[in-house]
Each structure stands twice: as C-alpha cells, then as structure tokens.
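Just one chain follows, in the form predicted on its own, and it is written as structure tokens.
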C-alpha cells in the first residue's frame, strides 16, 4: 500500500509540474501571436527567445505529464522503479532551469530545433555560455527520460520475456490466443519505450556534437546528418506523447462504460505498424531538402500517410464502440478523454496533407504546420492527460466538479479549434512561421489566434486549479490519517 501511495505521489508531481509549465508556455504563445498581430511591440530578439522556450517547454512538459499517465497504469502490470521516476523528475527540473537561464539570461534563441551550426554561429545574437546552458539542459533533461524508458523496458521484459512479447507478437503469430494478449497499457508502453530510446539516443548524439562544436568550432559535423538526427529525435519524442497519454483512454473509458476493451490481433498489428512507421516518418520534415536521397523522401511521404491510420483507427473506432449505447456517465474525465479522440483525428488530417511532397514544398514553412500541431497536441494529447487528472481527482478524493469546470471544458474545446484554425488559415495565406513580424495582410488571423489562446489558457488554468485542490485535499487526508495513527494507544 505504501508503494502504491508513493508511486501515486510521483505521478501527481509529474502531472502538476507538467500542467503548471504548460500554462506558463501558453502565456509566451499568446505574447508571440499578439506581436505578430501588431498589438504589442516585442523586440525580434525577445520574440525568438519566447519561440525557443515555448516550443521546448511545451513538448517537455507534455511529455512529463504523459509519462505520469504511462507510469500510473503500466505500474499496475509491471514493477517500475520509483527511484528512476524520482531521478527523471529531478533531472527534468534541473534541465528546465538550465534552459530558462540560457534563454533569458544569455539570450539563446535557436528555437527547439537547435539546428547545427546555429548554436555556435549566432551572428553574436547569443554567446557560448547561453548555447552551452541550453544544450546541456536539453541533454540532462533527455537523460532523465532515457532512464525512465530504459526502466520501463526492463520491467516489461522481466514480466513478459521480451519487448516483442510486450507488443504481442506471439499472439500475432498464433502462438497464444487473443485472450492472453498483453494489456493495452503494456502494448502502448512497449511501443513508446522502443521509439523513445531510439529518439533520445539520436538526440543525445546530436546535442553532444553541438556542444563540442560550440566549445571548439574547428570540430565540424555533416549538417545533413545533424538535421536528420535532430528531427529523428524531435519528431519521434513529440509524437510519443500521444501514445503515452492514450493509455488513459484505453484504461478509463471502459470503466466508465462498464464494457471490456481487450486487445485483439488487429489492435496488436496496428501498434506494431505504428512502432515501425513512427521511427521512419520524421523524414517528412526534410521534404524540402533536395540533397536528401530521393527514396527517403518518398518513404517519408508514403509512411506518413500510412502512420495516420493503424493506431488512430483502432483507437477511435474502439472508443466509439465502447461508448455507443453504453449509458456512460459523462463527467469531466470521460468528456475530456472522448474529446481527445476528436482532436487526434482532426489534427492528423492537415499533417497528412502537409506530408504530400508537392504540398509540403509550398506549405511546410508556413503556419499550416503549427496549425496541425496545436490541434493534434492540445486537443489530442494534452486533453488526454487533463482527462486523467480529473479521473485521478475523482477516484482519490471527494473533490466535486462544478459549473466552472464545465464552462472551461467548452471554452477549451472552442478555443483550441479556433487557435488551430487561425494557424491553418494563416498557412493557406502563405504566412511564414517563426517570423517575428507580419505584414498587415497576415495580422488578422494572428490576433484572432491570440484571443483564442487567452481563452484556452484560462480553461487550462481551471483544469490545473481543480487538480491542485485535489492535491491539497489529499495532503489534508494524509495528515489526518497520520495524526489518527499517532494518537492510537500503544
């Protein structure tokens, strides 16, 4: 029992830190849109610092919260190390502090991509210390996550024999019946472990290359290799967030609907396909790089199309079938988890469009890309762990939902759709992304997006405050339990 409480405390810490950082990052996002819309006058140097911290912080915070979801459910089937979870959290916080100091005290502003040789060649926009603080901060942060996934892989292999069996390959091969398939939480966690160990290894390699280049500019790297490693890291790691968070959908919706949702052979095949595709489709970020081998670009387009289907289809269809005529009780947890299916499905569509080579050449460096990503990440992945936060608060305390929570739900859904829509409209108008200044013709959608962003930020604040109320209630209950125990006669 103490082990479960300790694990849950760590999960609560992951979710709280992730939620608070996400709100802070939303502030920077709104300020950038207001700048692009001409409402406020932010210096270009400050804009690119905000761009760097927003992208880095948002993905990192969402990954931490999603890792909390994964740890909570995976640990019900295998034995994870709480020490590793603590180390991951400590390294995450250390890395975040270093990144913040590098960005704001030393004006580092390369965006999250830190594309070689930009950290070293900044035209004096930032110095060596700022670059090293950012790069080492990212390296430390990544090392914590790598330890977490290595421990997850260890635990899965100890229980099931291998990662292949964690993906249910023995069931796919007919050696076991579907009734003996691993739980969905184990299948998803196995997939995430495989892809993220790969991604974080690639990211660590290119970060170390950049560090050496910053310290000694005579050390050079093939820029195309560096770009491939950077996007292999960034794309895979960012995508894994939704594959961790979706475990909440698999575990919680069936409980609300009072219906089983077991893994069958089709489900297992879909997750295996997604494991392979996720490792390879980062090349759709390189479709504008004519020096890339043609076959890799064709592969990137074809597999990007294919990757949008297997897991998404079995998950969305499965969620529909679990809920259909089930008499499910809708509350904040179930509503947010169900809404996340909409966000995932709709968010994938503009991504698939952008992965088409002829479209990509025109659209990829426009705001079309953040349009897809904000829909996919905010209304998909983040909504999943917001739903889990409400579920945990309901299961573990008597905190009641109120009208403000329901208003926040509606506001969040409308605001994220509006925000993402403003980006997509900007992309259709050929508005470039990552530009600090806009011409008047581009400003309208930016202002609209900023207003939507404010409402989204307020809604998320309501979600997080509800979770913090739960934490305070939980601490109070623990204190009462301890006091009661201490007062018992010997």
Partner chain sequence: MLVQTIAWITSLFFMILVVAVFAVVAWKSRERKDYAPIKKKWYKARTFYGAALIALMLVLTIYTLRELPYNQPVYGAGNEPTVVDVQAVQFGWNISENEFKVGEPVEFHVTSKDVNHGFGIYDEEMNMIAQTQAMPDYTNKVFITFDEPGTYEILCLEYCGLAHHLMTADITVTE
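Source: prediction; values computed, not measured. Numbering follows the first chain given and starts at 1.
Beyond what is shown, the protein has a form predicted together with the partner chain; the following relates to that form.
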State yes or no: in the model of the complex, is some non-hydrogen atom of residue 122 no more than 4.5 angstroms from a non-hydrogen atom of the partner chain? yes
Just checking whether residue 430 would be counted as a contact of the partner chain in the model of the complex - the rule being heavy atoms within 4.5 angstroms. yes
Taking the partner chain as it sits in the model of the complex, is residue 217 in contact with it (heavy atom to heavy atom, 4.5 Å or less)? no
Using heavy atoms and a 4.5 Å limit, would one call residue 45 a contact residue for the partner chain in the model of the complex? yes
Report whether all of 115, 291 and 439 sit within 4.5 Å of the partner chain in the model of the complex, measuring from non-hydrogen atoms. yes
Note: the partner chain not shown here; in the model of the complex, the stretch from 383-391, 92-100, 237-245, 325-333 having heavy atoms within 4.5 Å of it is 325-333
What is the one choice in 359, 212, 87, 414 with a heavy atom within 4.5 Å of the partner chain in the model of the complex? 359
Report the residue, out of 341, 408, 187, 252, that has at least one non-hydrogen atom within 4.5 angstroms of the partner chain in the model of the complex. 341
Can you name the residues of 263-278 that have a heavy atom within 4.5 Å of the partner chain in the model of the complex? 264, 266
A 3 angstroms or greater change in CA distance between residue 312 and residue 245 is reported in the model of the complex. Closer or farther than in this form? farther
